[in-house]
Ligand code: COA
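To begin, one chain is listed below as structure tokens, in the form predicted alone.
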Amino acid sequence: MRSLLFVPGDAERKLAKGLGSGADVLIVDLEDSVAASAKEAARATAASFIGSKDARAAATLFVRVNDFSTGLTDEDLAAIMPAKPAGIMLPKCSSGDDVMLLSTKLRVHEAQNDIEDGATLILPIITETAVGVLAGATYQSTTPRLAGLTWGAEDLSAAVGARATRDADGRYTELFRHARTITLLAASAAGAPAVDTVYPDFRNEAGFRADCEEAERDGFTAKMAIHPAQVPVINEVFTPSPEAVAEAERVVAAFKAAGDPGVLAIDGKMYDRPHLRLAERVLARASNTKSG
């Protein structure tokens, strides 16, 4: 997956529009974009949408449920699991223990709804609280359901009382750069994809593209979107270029031809095992893009 588009779970028109966005994943939202008074109706709308053939054919469908502290998570799961979503996004995830708790709940719902055990993936947002940021190392060996790790800045700013997430030059301030770094390291430690957070100013095309390119450079393999117009840029930036794929193939082929050594020279430049692993990751991403 490269692009994950949020769509309000109670907005039929926006849900339908999301199908034409080209997003790899649609995140049907039952949390922030749905008013408290509309939660029940949103669950019904979301379940109907997820269960439709057109929606399932257009994208992989995840649902962002309400976080555990709200007391609404179980109601969300009870309403949407019969529709068999591909995955659940867990906001305000405090640690790997929250992921394990959700995994246990999902196993029950899978059994009740004739869903293969372990089929429903989990994508936690791990930096929306202070304790979440501090628990980045707890996602190793949690569950095979882990589809990736992602982060958020807005809820964290509210949690700690930060008046802004970015400085006058548009760069994240130190706190949010730290949360972003924790997500990259936590994802790597867990062997899961790192998914970059949203860019709220969707009308700032240049700023958005720069944000995508910086994220891809640093190791994120996907990015979330809040508007369909952002999806084509995400798909472009997070798809390895033909040049990158060709270079990766050259490195992998050279190591294979040389008998898989620890280090070798290609055109006068030294390559070692980290270069090989990076090349293999590029080819894996390119393969996943084609298969998707």
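Residue numbers run from 1 along the displayed sequence. Source: prediction; values computed, not measured.
As for the form predicted in complex with the ligand, it is not shown, yet the points below apply to it.
Student: Counting only non-hydrogen atoms, choose the one of 200-208, 133-141, 163-171, 102-110 that falls within 4.5 Å of the ligand in the predicted complex.
Tutor: Checking each option against the 4.5 Å cut-off leaves 200-208.
Student: Among V245, A55, A254, I226, which has at least one heavy atom within 4.5 Å of the ligand in the predicted complex?
Tutor: Exactly one listed residue reaches within 4.5 Å, namely I226.
Student: Going by a heavy atom distance of 4.5 Å, is R64 a contact of the ligand in the predicted complex?
Tutor: Within the cut-off, so yes.
Student: Would H275 count as touching the ligand in the predicted complex under a 4.5 Å heavy atom rule?
Tutor: The answer is no: H275 has no heavy atom within 4.5 Å of the ligand.
Student: Should M1 be classed as touching the ligand in the predicted complex when contacts are defined as heavy atoms within 4.5 Å?
Tutor: No, no contact at 4.5 Å.
Student: May I ask you to state whether S33 is within 4.5 Å of the ligand in the predicted complex, using heavy atom distances?
Tutor: Because a heavy atom of S33 falls inside 4.5 Å of the ligand in the predicted complex, the answer is yes.
Student: In the predicted complex, which residues of 170-184 put a heavy atom within 4.5 Å of the ligand?
Tutor: Contacting residues: none.
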